[in-house]
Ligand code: AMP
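Shown next as structure tokens: one chain only, the form predicted on its own.
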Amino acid sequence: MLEWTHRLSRLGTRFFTPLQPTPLAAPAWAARNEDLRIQLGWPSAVFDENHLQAFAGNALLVGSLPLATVYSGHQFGQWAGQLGDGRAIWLGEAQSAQGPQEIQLKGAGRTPYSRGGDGRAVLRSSIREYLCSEAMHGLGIPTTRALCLVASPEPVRRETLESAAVVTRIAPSFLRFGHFEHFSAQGDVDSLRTLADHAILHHLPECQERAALWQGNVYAALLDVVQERTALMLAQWQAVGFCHGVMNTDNMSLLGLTIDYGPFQFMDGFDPGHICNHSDYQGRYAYGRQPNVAYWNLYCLAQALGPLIDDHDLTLQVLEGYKTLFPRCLGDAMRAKLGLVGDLAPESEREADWSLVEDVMQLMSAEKVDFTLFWRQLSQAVVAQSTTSTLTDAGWSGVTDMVLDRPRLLAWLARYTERTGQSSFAAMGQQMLRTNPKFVLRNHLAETAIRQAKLGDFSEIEVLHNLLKSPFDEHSGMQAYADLPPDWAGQLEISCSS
């Protein structure tokens, strides 16, 4: 039995609508995340038949109080007005070994905020969310988690007829920027304050201490904590080549978690202008634009919190922090990919290191070099070169074979070696292997799992989950999952439809 708390539901029905999930026909387990269950300290009974029915929306867990929250937001840069949990139903907060965790069913049926939709999620997108949230966790990137995936033969109409599924999502909080935009847009300052106080008390208590940095203004401190968490998350996204695809303000977590896995992609060939969302016709959410979009979204949050901060100049001062913090976080993340670690490095050294990063990224971009493979090959080459008495061009062949302009890359490698010294390679190489993953959830890997699942075979989901939960390990015999994508992968199109 789970032990429930209901801190969010105590806020009152201005913030949500109580409702029941819509039953799902013939549910069956497609995936159960035993690792997460154990980490949370929950009993094995969480995956019994009774819980299968509950996670399908066919029954209620004892003590749960299902509801759908209301929020608003900006979508593709335009104010969209009221949105809300259109297909996500919040069951409550359960005590765990990691503190209270909110449990949410994604795809559990229509809510008052479904805007004419059916409230369902399809198996295709649900598999992608289940796998990617766990892949991001394996990479050390803040994210919501996936406890389980339930499949059903129940038909769902999208571009074609597909089958339904429900993902059970876990997070300390699912609060979004859009929750605050909603009440601010309505001029409901009392509700805005209630929500902000709830977030500070239960999820971001560090705001109380940080308020001293902002003239005692705890709401300015709230914005500061959120922009800091967002900057760190974005830097980690960029460092692994992750494209979110739909960074609307209603898809931005107040806690700096990666949330709402829709048309995401880990890049194959490196391209700063890569657009992973087939529905993003203007390229607003291209990989290279993500950091600036995050700032734009933070500005929207700042406007929403404006009535509470009540000091325009102070608000702008807080937001300036992102412009300093994000480049530093990204610089540190990219330096780590080169094996250059240490927060105490002098600024001149950081600038020189960033020049190394920029130059190799320009080469990668010019030739569309596979992002994940390049960094992993560089890591392995550094390890190999550490065991030789003299550096040789042949020793870098695993890296240089990836490009056409070998002289340009060899010249860069000479600068890199001069910066580090071969004597440091052994320690650097091991650090790089723990920083540059061998496995990421490439689109074609997810697609293979989806195609098999549509035939009733869910085994590939488990195979991928086992790889992606430890993406830095070698996993003997699984090399094919780390190789270049097949030609057909380039024809895959991912959109917001799910």
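One-based numbering along the sequence shown. As the structure is a computational prediction, the values presented were derived from the model and not from experiment.
A second form of this protein, the form predicted in complex with the ligand, is not displayed here; the remarks below concern that form.
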> Quick one: which of 250-258, 192-200, 230-238, 132-140 gets within 4.5 Å of the ligand in the predicted bound form, going by heavy atoms?
Replying inline: 250-258
> With the partner left out of view, is residue 117 within 4.5 angstroms of the ligand in the predicted bound form by any non-hydrogen atom?
Replying inline: yes
> Does the ligand get within 4.5 angstroms of any non-hydrogen atom of residue 71 in the predicted bound form?
Replying inline: yes
> Taking heavy atoms and a 4.5 Å cut-off, does residue 278 contact the ligand in the predicted bound form?
Replying inline: no
>> Does any part of residue 75 reach within 4.5 Å of the ligand in the predicted bound form? Heavy atoms only, please.
In response: yes
>> So the ligand isn't shown here. In the predicted bound form, which residue out of 331, 291, 86, 269 has a non-hydrogen atom within 4.5 Å of it?
In response: 86
> Just one of 158, 323, 368, 419 has a heavy atom within 4.5 angstroms of the ligand in the predicted bound form, so which one?
Replying inline: 158
